[in-house]
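The chain below stands alone and is given in structure tokens; this is the form predicted alone.
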């Protein structure tokens, strides 16, 4: 009987490992299919829609940074828009004042966002929950006023206008299509980097601090380092997103980075799935397109419709769109296991 039991367990484990290998293969095929669709998308829609999808891409990068900070490390932030503003102005000043090519502004914007995020994270590591949310909310409130104060650098309320990038190498595509592909390339690199980071020791430390702060420290996790690091990484992603926003829209002004931007990013993060990488894409789609849908439904009260849509989302998908997809996927896996 014991031998039969061991053989049955080994057979079950072998079947499960084979199933996991098949599912991993299907995931790769699905991911490749999504990338092919993303590459073909600007050839299937108008330039205006391409511009909107470019916005989806760089907003998704910012939402991913917030997911790393809040979803994986558990630090609730209402000031993520400040990092986007920083990256946007770094890119605008470099392009407008110094004549730096647009593609060379991405890394400095991310680096400045990383440094600024780490500096903000140092005092924030002593705060948790609502106190941290209130502190970052103050950062979001102060950002537009600070940008207006330093008018010599930021041009105040007038903002900074930059030129639209030309299509390189004589490619037979429009400027909007090129900006879409440029943003898509950066998004793929950053999502790949986030995936590897969160699967490594750093990602495990983030999750351990989120799940149980004191237990993580007792196991040797240095929360005093990893919590500011999460802020820094989130700030770097937001800084890159801000630079891409400047390149895409060709204009920055202080009032573009108010409190509502930070709240909108948090809403997109929750709708997409706050503790997921792929959820950032759905969050970007929600941020860009839900207000348009609400306005089409009712031009008299679009924000009322917007609020109703958010409530329906939270009732139908309390763990976000990505959580809902994962739930369906797990159900599919369970059915396959029962068949085997």
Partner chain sequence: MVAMLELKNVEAFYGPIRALHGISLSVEQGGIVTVLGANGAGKTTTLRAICGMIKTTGSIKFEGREIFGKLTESVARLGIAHVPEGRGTFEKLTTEENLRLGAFTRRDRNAVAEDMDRVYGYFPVLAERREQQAGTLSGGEQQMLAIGRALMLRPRLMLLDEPSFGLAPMIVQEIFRIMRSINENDGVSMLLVEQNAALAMDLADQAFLLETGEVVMSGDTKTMKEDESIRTSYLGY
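Remember, predicted model here, so these are calculated numbers, not experimental data. Numbering follows the first chain given and starts at 1.
As for the form predicted together with its partner chain, it is not shown, yet the points below apply to it.
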*Heavy atom to heavy atom, is residue 163 within 4.5 Å of its partner chain in the predicted bound form?*
no
*So in the predicted bound form, does any heavy atom of residue 149 sit within 4.5 Å of its partner chain?*
no
*Would residue 96 sit within 4.5 Å of its partner chain in the predicted bound form, counting heavy atoms only?*
no
*Looking in the predicted bound form, any heavy atom of residue 137 within 4.5 Å of its partner chain?*
no
*Option from 141-149, 209-217, 87-95, 238-246 whose residues, in the predicted bound form, bring a heavy atom within 4.5 Å of its partner chain*: 209-217
*Could you spot which one of 132, 106, 261, 221 gets a heavy atom to within 4.5 Å of its partner chain in the predicted bound form?*
221
_Under a 4.5 angstroms heavy atom criterion, identify the one residue in 253, 205, 190, 232 near its partner chain in the predicted bound form._
205
